[in-house]
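Heads up, the chain below is alone and in the form predicted on its own; it's given as structure tokens.
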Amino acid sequence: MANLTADDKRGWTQNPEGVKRDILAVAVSEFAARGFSRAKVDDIVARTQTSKRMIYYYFGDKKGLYTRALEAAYLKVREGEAALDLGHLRPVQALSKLVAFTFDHHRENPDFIRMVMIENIHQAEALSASETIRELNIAAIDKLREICERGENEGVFRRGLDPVALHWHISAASFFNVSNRPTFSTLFGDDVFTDDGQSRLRIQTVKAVLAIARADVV
């Protein structure tokens, strides 16, 4: 465990959770921009009101900090989903709202997309070791499964819907919209990335997922 200075301990005891949130927010930004190898703890320290000692005290080492930053990035999207309060909505409306939220969240949080891209480059090494992320994503699938089951029971969704496959479809369009913007816009122009273009894509993405789920769509 790192030895803390008097200033470190003062920050820790006064607002430990705030200090950790500040560190993790900056860490997500740094790792997303530079990747694990090129990101430097010193740069994270420079952007926070803390010290390297305190970072190591909280997170152990650079790898521990990266893993916690990845968990924080996933937690943000899952907390956003939980706040949607979909249980009182009819299944079609609930699914529509979830798809639209995912599209908007990914568009507004490119650092999350970059963190996931980095994890894919590294064969999901940190993700596979994180029980926290697995639990967060189990909860996300459970929420989608509940919507699917309600839709099947009401006869508006086709029977046998796989919530994991449906999650794949939702994630694929929303993720690609951010991850492949540089190459897509270079090849085909920026029209789909204007506000109007994104609004159309958002509507089309919702309709596409509903077409997969709806019982009356052949």
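What we label the rigid core is the largest C-alpha set whose atoms superpose within 1.5 Å from one form to the other. Position 1 is the first residue in the sequence shown; the rest follow in order. Nothing here was measured: the structure is a model prediction, and the numbers come from that model.
From this point on, the text means the form predicted in complex with another copy of the chain, which you will not see here.
Asks: Using a 4.5 Å heavy atom cut-off, which residue among Met117, Ala100, Leu89, Leu75 comes into contact with another copy of the chain in the predicted complex?
Replies: By the 4.5 Å criterion, the partner-contacting residue is Met117.
Asks: Heavy atom within 4.5 Å of another copy of the chain in the predicted complex: which of Arg159, Arg38, Lys52, Arg47 fits that? Just give me the one.
Replies: Going through each option in turn, the one that passes is Arg38.
Asks: Just to confirm, Asn180 within 4.5 Å of another copy of the chain in the predicted complex by heavy atoms?
Replies: It does: once another copy of the chain is placed as it appears in the predicted complex, Asn180 has a heavy atom within 4.5 Å of it.
Asks: Taking another copy of the chain as it sits in the predicted complex, is Leu201 in contact with it (heavy atom to heavy atom, 4.5 Å or less)?
Replies: Judged by the heavy-atom cut-off of 4.5 Å, Leu201 is in contact with another copy of the chain in the predicted complex.
Asks: Should Ala83 be counted as a contact of another copy of the chain in the predicted complex, where contact means heavy atoms within 4.5 Å?
Replies: Taking the distances in the predicted complex, the answer for Ala83 is no, it never comes within 4.5 Å of another copy of the chain.
Asks: Decide whether Lys143 counts as a contact residue for another copy of the chain in the predicted complex under a heavy atom distance cut-off of 4.5 Å.
Replies: Contact check for Lys143: no, nothing within 4.5 Å of another copy of the chain in the predicted complex.
Asks: Whether Arg21, Val28 and Tyr57 jointly form a contact site for another copy of the chain in the predicted complex is the question; each needs a heavy atom within 4.5 Å.
Replies: None of them does, since no heavy atom lies within 4.5 Å of the partner.
Asks: Would you say Ala32 moves its Cα by 2 Å or more between this form and the one not shown, aligning on the core?
Replies: False for Ala32: its C-alpha shift is below 2 Å.
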